[in-house]
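The structure tokens that follow cover one protein chain in two forms, given apart as structure 1 and structure 2.
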Structure 1
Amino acid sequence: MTRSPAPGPAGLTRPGLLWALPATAFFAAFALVPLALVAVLSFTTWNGVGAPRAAGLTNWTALLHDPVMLKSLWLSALLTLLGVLLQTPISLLLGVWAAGHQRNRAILSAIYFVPLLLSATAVSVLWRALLDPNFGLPAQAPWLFGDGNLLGSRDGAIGVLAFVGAWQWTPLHTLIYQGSARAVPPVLYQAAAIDGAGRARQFWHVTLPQLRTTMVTSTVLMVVGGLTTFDTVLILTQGGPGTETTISAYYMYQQGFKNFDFGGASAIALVLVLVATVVSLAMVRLSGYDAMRAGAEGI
């Protein structure tokens, strides 16, 4: 690598391939090699003791006929969707509101962000205690919670997972929207006001279009977060009741590290990789995420 890159227009040199080497090496060592090994493992039977034994397609055919696997993918999608639907409107409105400059807003905004500082584990433990049917909120407000069997019923458990996720992550998205809303040029609002637009119309016709790319970013983050949810499920429901909240990531953990079926867990892991790749490609395509650079040059 002795070829010196040609100087760029502003006197900058184009980055050489050498600069990418450390990152590439790390990526290969910690992502590509393990991925290949997981692929190998998915064709074996291995309980962690002794050597893996070749098992051909056993794990894969078992997975094809495994009702829990299909359900877990559907559950992951459902929780992700619920997350987006719950968090986007709330964080959008809060973010735009918090973009104002009054002193009280700064204080309130700071309070909103507290959940973001807590680890998902702490958040889960906290809500588990708060939602205890006998000693928590449901016992105080039976008119709202019924008998309080939230984590013991399918709908209740899914609802709690979506809610706790939203409680924890809405602040992050609020923060993103706040920053973005502050960047909207005031001149646009002045022009709208001159045209006689009220606050609602300003929000609808000025703020929202200006936040379009932010919305894409925020949604991408929510989808990625939703698909990789694990800790809240581990602590709040352990995939239960039965298998009603066994999302794919938790299912993989359960097969590998609770049932000691590393072959089966590897097969699930590969399915997850596949699904995640398809989802991210689709999102880049459909959301115009790849065209964001053009968007930034707009105004």
Structure 2
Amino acid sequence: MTRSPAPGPAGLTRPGLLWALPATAFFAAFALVPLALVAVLSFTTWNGVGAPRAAGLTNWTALLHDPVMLKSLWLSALLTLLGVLLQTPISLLLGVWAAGHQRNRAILSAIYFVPLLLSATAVSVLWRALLDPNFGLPAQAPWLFGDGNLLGSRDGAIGVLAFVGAWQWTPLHTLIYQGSARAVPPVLYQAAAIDGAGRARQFWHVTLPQLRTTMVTSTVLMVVGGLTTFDTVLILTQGGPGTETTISAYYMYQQGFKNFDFGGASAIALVLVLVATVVSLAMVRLSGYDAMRAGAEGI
């Protein structure tokens, strides 16, 4: 006997629980189960060969006293913050601009979205070649790049990582803002124009408030993506110079696939998951996003 759908707002009905089973099963198989296995592995010592051996809290105690791990968390937070500060205003303004229906905007938007079609690996290889101090842009414009070895200093390497990340992922957030800006009811702009508001005031008092939930969603995606970025660091800096760009995700790779300490790497992975989850939930909570409900929520 099947359960009848529960009534929703305005006489509409909610789908039954069976509709959620495929997605739930997929999420459990490819997210929850692997995460549980990583949690178990974090309490073991394992070099990838043979059976893991129980190690208790050894891996976690080592992390608490590991200066590289603490530094990697700070670097991850710094790169994430730089990414949010760079990408948010650019993607917001470009998204609102691209929401116009003029033909030239559609063409320029399509060109601008090209970096989004490339993989992070391809983007990293591209910029590593372009920033080569001997044959790339720095060699052609020493007046702008100085000695040209941008990846040889801490500030230069961090700046390059932030710029390359923004170059690739700003188009994604621009697309998100573009779709949201087009969903703003035109009547709001018409009412604002009648009240004498120009474009600048319409942007600040109509567009931005309407994009509030979109800004929260975009920022959460930036934060999670920034905390878990890996391939860009692997190809561009390999954690260098020294450990100046060894972020947590790259340190996890080093521990697991270079030092063959998969137990310690699993502990780092869990720390990343916990940090990303706590930060995301805090952002949603503090922004009031969870209190925003549509009239047809859950239908």
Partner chain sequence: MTRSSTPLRTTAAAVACTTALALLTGCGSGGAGGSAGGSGVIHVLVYGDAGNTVEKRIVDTFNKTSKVRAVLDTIPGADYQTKLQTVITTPQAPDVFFDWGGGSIAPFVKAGLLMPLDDMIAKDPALKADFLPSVFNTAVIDGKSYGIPMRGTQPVLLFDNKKVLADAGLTPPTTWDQLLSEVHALKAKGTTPIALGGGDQWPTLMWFEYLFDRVAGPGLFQRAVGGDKQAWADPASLKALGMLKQLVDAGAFGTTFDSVKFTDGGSPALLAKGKAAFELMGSWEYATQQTADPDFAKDQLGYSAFPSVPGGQGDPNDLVGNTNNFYSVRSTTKYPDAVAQFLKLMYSDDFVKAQLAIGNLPTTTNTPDFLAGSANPAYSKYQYDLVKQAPSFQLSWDQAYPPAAMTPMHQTVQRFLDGQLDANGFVRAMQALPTP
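Just so it is clear, the structure is predicted and the values come from calculations on it, not from any experiment. FYI, numbering is relative to structure 1, first residue = 1. Just so we're on the same page, rigid core means the largest C-alpha set that superposes within 1.5 Å between forms.
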Displayed copy of the chain that is the form predicted together with its partner chain: 1
Post core alignment: Phe257 C-alpha displaced by 2 Å or more between structure 1 and structure 2: no
Yes/no, Met69 Cα shift of 2 Å or more between structure 1 and structure 2 with rigid core fixed: no
Value in Å for the CA shift of Ala51 between structure 1 and structure 2, taken after the core is superposed: 4.7
For Trp60, CA displacement between structure 1 and structure 2 after the core is overlaid, in Å: 3.5
